[in-house]
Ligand SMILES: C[S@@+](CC[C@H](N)C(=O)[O-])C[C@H]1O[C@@H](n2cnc3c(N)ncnc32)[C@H](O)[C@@H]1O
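Form predicted on its own, single chain, as structure tokens, below.
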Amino acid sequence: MDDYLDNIVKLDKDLVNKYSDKMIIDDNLTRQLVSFQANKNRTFHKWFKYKEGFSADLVKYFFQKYNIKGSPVLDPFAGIGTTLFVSSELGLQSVGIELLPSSVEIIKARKSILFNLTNEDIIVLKNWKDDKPWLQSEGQKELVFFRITNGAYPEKTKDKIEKYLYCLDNIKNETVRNILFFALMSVLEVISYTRKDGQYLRWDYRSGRQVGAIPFNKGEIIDFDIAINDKLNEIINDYYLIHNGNLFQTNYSDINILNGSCLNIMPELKESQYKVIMTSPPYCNRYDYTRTYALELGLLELSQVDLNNLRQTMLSCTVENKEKDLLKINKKWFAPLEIANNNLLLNSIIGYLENQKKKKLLNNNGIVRMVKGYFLELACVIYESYRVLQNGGYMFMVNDNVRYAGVSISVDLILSDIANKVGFNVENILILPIGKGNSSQQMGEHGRDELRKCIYVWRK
């Protein structure tokens, strides 16, 4: 084990030395800026709580810092569209790729508000909010539940959601229907027994579905009628600010969202088409988006099979991900796969983890497969990003380093080295002044080790 660890430390230092002049601590990059926190009080961007995203101000900061003026802009992991909407505000056309259909629906609803919503529609929304037609509805549309979401709502709340959905189906105005559906998606967490907690949904003790020895109390569970009323008020008030307060330009640039995996979609994009790519892939941290956003996915009437397929299609970032046949997706990926497979630091880390697995010292055997798949798949994404960027175009990537079985994995250095060998010039690896602590379990076993949180700046 000492030989493995010594070799990892040596190879890590080699990469640090290789990119030392590129690794810069940027005091402007606060954790608030590089997360959803800065969106909490920001008009338009605060409507849906998407903790895994970065802030609108971060996009503006980078576009200004690197003098980004041309378009189109691409985000291969679009989330709920922060890069897309900021680009639109700045007059830049944008394209996003997003796998989760719930996130795609959110982007479409937000687009409707910017591009299609009229004053007449606002009146309809106000009437809906005030009249609460679901309270008088005799019909209901049955909610879809997965194994991981059964019992997520108080019975009274579940009944109101089903009546709300039934009333929605009778609305002919597509813009209004999309916004009312979006409002419902935006309040699911606060009206449920659950709280999004990274790798899973955490359950309040009142659900009767307690997980763990210590009962969890999420605090107040908001009444359905109050939650919907507050959310619609927020959207309506922000609408007036957006269009009368000149917070956005009068004319927004086009936004196009493609639903699917970037591994499948990017090979179909034209070469040298995009001026800039700004994105944040899922981190190699075991977070399962299909579990975290299971309530929202259930609203879209996905089946359990659909949910399982989504989990396997997304970038390998959870221990349940199986190995993908990447050359079957694209035969041209032999080159980036060879680059990743020949990365000495990555090979040493995989060897160490496999050794830990043999000794039954990993808390989940799927970690080895996940870590390996993560870097192989991102190598293909980096290869495609280089291909579709114009000469001189920038790629910005937000990501975190991780730690498993006592070994810190320098995701920033490994991915930047892969990008360099694909053809990118690594201009900067910008480091947040305050890193991220490792998990309490890792800390207890291996001591505190601050992990770098970075934004990579690569240029074609």
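Treat the numbers as computed from the prediction; the structure is a model and nothing was measured. Quick note: we count residues from 1 along the sequence shown, nothing fancier.
As for the form predicted together with the named molecule, it is not shown, yet the points below apply to it.
Of the residues given (Ile382, Leu201, Ala340, Ile97), Ile97 alone sits with a heavy atom within 4.5 Å of the named molecule in the predicted bound form. Checking Met314, Leu165, Leu90, Leu376 against the named molecule in the predicted bound form, a heavy atom within 4.5 Å turns up for just one residue: Met314. The three marked residues, Pro154, Ser186 and Gly298, fail to reach the named molecule in the predicted bound form, with no heavy atom of any inside 4.5 Å. Using a 4.5 Å cutoff between non-hydrogen atoms, Pro336 does not count as a contact of the named molecule in the predicted bound form. Contact check for Tyr274: no non-hydrogen atom falls within 4.5 Å of the named molecule in the predicted bound form. The closest non-hydrogen atom of Ser261 lies within 4.5 Å of the named molecule in the predicted bound form.
In the predicted bound form, Pro267 stays away from the named molecule, with no heavy atom inside 4.5 Å. Listed stretches are 325-333, 121-129, 301-309, 276-284; the contact stretch with the named molecule in the predicted bound form is 276-284, by a heavy atom cutoff of 4.5 Å. Heavy atoms closer than or equal to 4.5 Å to the named molecule in the predicted bound form belong, across 38-57, to the residues Tyr50, Glu52, Gly53, Phe54, ordered by sequence position.
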